[in-house]
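Taking the form predicted alone, here's one chain by itself in structure tokens.
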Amino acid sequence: MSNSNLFAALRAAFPANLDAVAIDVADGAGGAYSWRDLERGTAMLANLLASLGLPAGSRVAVQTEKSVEALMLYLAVLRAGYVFLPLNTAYQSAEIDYFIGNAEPAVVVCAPKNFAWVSRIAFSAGTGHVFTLGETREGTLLERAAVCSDQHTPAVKAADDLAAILYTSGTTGRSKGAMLSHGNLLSNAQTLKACWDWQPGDVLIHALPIFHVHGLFVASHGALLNGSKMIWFGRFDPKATIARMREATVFMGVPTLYVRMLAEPALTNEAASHMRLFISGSAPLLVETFDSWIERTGHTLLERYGMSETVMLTSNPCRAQDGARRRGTVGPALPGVGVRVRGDHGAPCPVGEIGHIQVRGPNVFSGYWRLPEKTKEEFTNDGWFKTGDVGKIEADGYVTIVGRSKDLIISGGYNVYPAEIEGVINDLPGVAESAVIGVPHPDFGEGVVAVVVAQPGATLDAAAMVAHLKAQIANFKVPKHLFVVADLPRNAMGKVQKNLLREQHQGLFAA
């Protein structure tokens, strides 16, 4: 029987010389990992998981700082045939409580410093095993794995077997777990390998977090499937990244990372002369950033478009003969991916007309974890996924995203859902109501802003409210400004007019 386990495909792409460097750690403890280290480390971790007697399809939830061992843990979960559930390191207890309660993982792995509160949540939710993993190889996970065999045969999986669950959300209600299969992830990795012209000898600078599609799937799978070395940064450092470009060929980042490198005098044409490809995604790229990057480095950024539910959908061309990289667009649909635009009532939009973006393809997820009705709502009758994004397609296939049909904010590459933050603010003493919006921010793409109305007779302290929010929700969700106002603008139907609030605060973060 053939094996569609994603790990098996990645392992088959390892170079013949397993003693060559696979990952060069650029910061923290430093050091290097060979391909043999990845083979042995993932085998030992897979054997540890197998020794726990977990039911088929068990989820392994992971909230740890970025490390090579954390990447090995992801690969080991695939290898052992279980389902990987990455969680943002910024999530606080209320969020972790929800994710663990919803996904019911059999295993939870957390940072050693969080063990007390994470284990309390996990054990009370029925999780059988909680391990710790720190950024410098400390913790119970590696201690337990150290005694396991370094030989392991990857579990046999079908292409449509579940490989990972990524929590995402609309602007209303709770986060939803997007279910991605081995086939979804492998098909997308193979497509990107061809479209982005991965070559023998390519070296990737990996400076993204690995709890999110961009760093975990797009970047890591790209390098592994090409047998390419990674220069690994636990945390993005603009100066250090620029210094390592002379040894690398590919870099993937969110717009914020490009903005920060542009602020460094060391970023020059010469510094970037060895590089082949700079890819930007996860948030809209400002025109100024696109143009400044060409001016400073001689390279044109490649913008692409994807989602948690679909991995990558479109991409500007990599090779000059395939077309130009157009600023403000995310390029044409990837091979095998369908992208169409529909009006409010489902009718096809003419070329260049703005409407709702719908997609289909082997990369598109099967649905939301334990939400069959929500899944049904999000797909059309003929099987296309409604992305919730609004955009247009030109005659030559180039896609432009103009906004989102819901009020999603993308700040620093992370999705921020206003309804979630409004719910937390509205629960604070003295708050009558709130509206959360995103406005242009030179560094983060969009900055989160809260506009709050007090209850009659109540006095609200904006700074104290922000401090309270910092203890409740992830830092990237915390408003960068909180305004207390007498009332919110509404239309004739009583609906808050967020467009007016966005216009009012448009220049708030102007340089």
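Just count from 1 along the sequence shown to find any residue number. The model shown is predicted, which means the values in this text are computed figures rather than measured ones.
One more form of this protein, predicted in complex with a small molecule, exists but is not displayed; see below.
Contact annotation: of the candidates 304, 152, 392, 229, the single residue with a non-hydrogen atom within 4.5 angstroms of the small molecule in the model of the complex is 304. Residue 260 is the only one of 260, 137, 356, 299 with a heavy atom lying within 4.5 Å of the small molecule in the model of the complex.
The putative spot formed by 36, 63 and 132 is not touched by the small molecule in the model of the complex; no residue has a non-hydrogen atom within 4.5 angstroms of it.
Remark: residue 483 does not count among the residues lining the small molecule in the model of the complex, judged by a heavy atom distance of 4.5 Å or less.
Of the heavy atoms in residue 413, some are within 4.5 Å of the small molecule in the model of the complex. Residue contact with the small molecule in the model of the complex: residue 214 places a heavy atom within 4.5 Å of it. Using a 4.5 angstroms threshold between heavy atoms, residue 361 stays clear of the small molecule in the model of the complex. Contact with the small molecule in the model of the complex, defined as any heavy atom within 4.5 Å, is confined among 155-163, 375-383, 304-312, 187-195 to 304-312.
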